[in-house]
Ligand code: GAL
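Encoded as structure tokens, the following chain is the form predicted on its own, with no partner shown.
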Amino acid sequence: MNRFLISTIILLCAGWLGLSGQNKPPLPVEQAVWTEVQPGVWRARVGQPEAYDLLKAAGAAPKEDALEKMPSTSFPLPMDGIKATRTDGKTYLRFPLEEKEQIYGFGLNFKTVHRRGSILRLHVDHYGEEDNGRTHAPTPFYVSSNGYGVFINAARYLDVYAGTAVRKDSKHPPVATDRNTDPAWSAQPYSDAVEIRVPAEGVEIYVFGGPTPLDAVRRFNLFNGGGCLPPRWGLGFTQRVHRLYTAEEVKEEADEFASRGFPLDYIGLEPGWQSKSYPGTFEWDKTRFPDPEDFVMDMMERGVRLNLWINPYVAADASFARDIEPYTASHTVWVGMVPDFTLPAARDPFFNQLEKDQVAIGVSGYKIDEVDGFDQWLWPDVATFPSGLSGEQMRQTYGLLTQRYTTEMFEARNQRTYGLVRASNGGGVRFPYVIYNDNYNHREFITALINSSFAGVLWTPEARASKTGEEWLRRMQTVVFSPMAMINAWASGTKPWSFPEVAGQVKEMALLRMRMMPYWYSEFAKYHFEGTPPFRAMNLEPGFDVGPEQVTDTLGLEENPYAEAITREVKDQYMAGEYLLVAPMFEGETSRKVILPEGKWFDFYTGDYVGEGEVISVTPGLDRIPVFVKDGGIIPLMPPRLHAPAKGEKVDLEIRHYGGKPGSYRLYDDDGVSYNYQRGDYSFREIRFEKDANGEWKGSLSAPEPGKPNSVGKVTFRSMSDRKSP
């Protein structure tokens, strides 16, 4: 064969293999077709989406009546700017970004709030000290400062490039600069897109309109069924006791809370309540709890409910092990079988055991542990499940499945629950669970609480143990202003009064939590009926502006040869309900800066004016966590008490008004324990504060609705602006 023929064959082969240096034709770009499926919510499908996705796993259904009441809005993005391509069994998505646009979300993050410039793999996992997408709730939903949201409905590990990559065909390419001569040279050139890689041959996408970022978040929450509405007792105080406590020790703990005047609504029992754990039998240990039914009833008579720890991995000697074994995964976790909860044949034995052995005798809820990671703890991605789902798909949704079917178990009894879980994802907004983890960084706890408002989950900055009384008090202060007021003493055995030098202040904060229950309960009702997160980022607050991004820290070139300015973000203050701004203090701090949104703001404790749309410095002392109220804000309070109000019990209210503007507030009421509110058995009553003809503040509360629950007793109104002294 002559040399010419050989060369020709080589060139032809190289061209066929894409190795000749010739440009291959670009991948075909698909233009998504958008359909408005709910008011302000648009859906598009690219390729052939997988049958199993996040919304199906969660059983999410839109709250249509609430979405109908949202402000009208148009599609918030240029439709021709949203691109999709498919190749090699994967789908690539591209969403446009404007130059000054900031984005938030992509899950429960612990270090940062701003997500532009992030590269992430959204992967259910235990938080590993890095905001890289591996987290307890890697919700594939992001919110733009321009007032819209985007959700990718895929039960897969998603790769996200949030304004980090630059395409050659970009409509707004960055200008190339010479680092040798340009001091403004950047190692991360401007990128005009969010790009997402979905490891599937198709995907379902949703866009949520605004017009504000909070409206986009509200639509996302309502589209997924609305936020959870806990029972009243769930918003009280909870203590998780040592893992090997006996029934008598649990009773003694409850009695000590009562004798010391500390509030307590429910106690959490850790793994030792089971006859065997890691893996579990899901049966009572009769040496520590010889008569479970009598024990549960005894605790209820004390006004204290019980919450039980589980992880869903079944021991071989569990009573239902033989029934469930054919419907479990190929791999075990702690040598326990992993039920495939997508199959009724796996669900029925498991949840029937919980129902008959625990819920039927009065247990009020669960703490669902270790459905998140790390990788070495859970099944590997090579695991198979009887349903045919992959280990990856199950990893992304196992937290959703466990929440869904425990919730349905309580719904069937018309009994509300409130518990803890280690993993969630998109679609899980409605589940009455709060996320927790093994991290114990106080500042990161607050950043996570802020980011939870973009992820469709709740998060608790729980208290476990401390080295000093100051640290303990500061942690307890943030516990009070969070979705779950919890001490987790499973290992330490610590008590609220473990630091005598601050025991009085801790008790005062715990009682404040109880006094504020009418406010917390009303705010959670708005979460359910209107989609507004009860604890949320300042970036969702109208009139909040930190000003232009500024350099706050830059490493030297020796430490970082591609040094970048760190842009300013607010990750240590947040909104709590409609009217409150909370600015936590951390150990070692005596003062801090607080950024106030536009309008006048007032001190929660004294009613004193503190500022208007500005940065203030506060020195609150050790006893107080800084809390501020919007002008015209109304806060309903009840007397301090040790337990949440019972069904049918009337409670007196003190209704406070702050500032110089007239105000209004919607006070929510229902029976506090059942799901009857889903059938309309609830009310919102309007509180108003206005000045009369003599210039005096007068408060009013609308009359109760006939036939609806009414838990309001005597009402007193108080204008905090009339206070003469703190």
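Don't overthink the numbering: it's just position in the shown sequence, from 1. Computed from a predicted structure; not experimentally measured.
The next section is about a form of this same protein that is not shown, the form predicted together with this ligand.
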Q) Among the candidate residues N224, N488, T447, N153, which is the single one with a non-hydrogen atom no more than 4.5 Å from this ligand in the predicted complex? A) N488
Q) Only one of Y366, F628, Y327, Y436 has a non-hydrogen atom within 4.5 angstroms of this ligand in the predicted complex; which is it? A) Y436
Q | Option from 581-589, 630-638, 114-122, 268-276 whose residues, in the predicted complex, bring a heavy atom within 4.5 Å of this ligand | A | 268-276
Q: Answer with yes or no whether K526 is in contact with this ligand in the predicted complex, where contact means some heavy atom within 4.5 Å.
A: no
Q. Is there a non-hydrogen atom of E370 within 4.5 angstroms of a non-hydrogen atom of this ligand in the predicted complex?
A. yes
Q.
in the predicted complex, does R416 come within 4.5 Å of this ligand, counting heavy atoms only?
A. no
Q. Is W309 one of the residues lying within 4.5 Å of this ligand in the predicted complex, judged by heavy atom distances?
A. yes
Q: At a 4.5 angstroms cut-off on non-hydrogen atoms, which residues of 387-425 are near this ligand in the predicted complex? List them in order.
A: R422
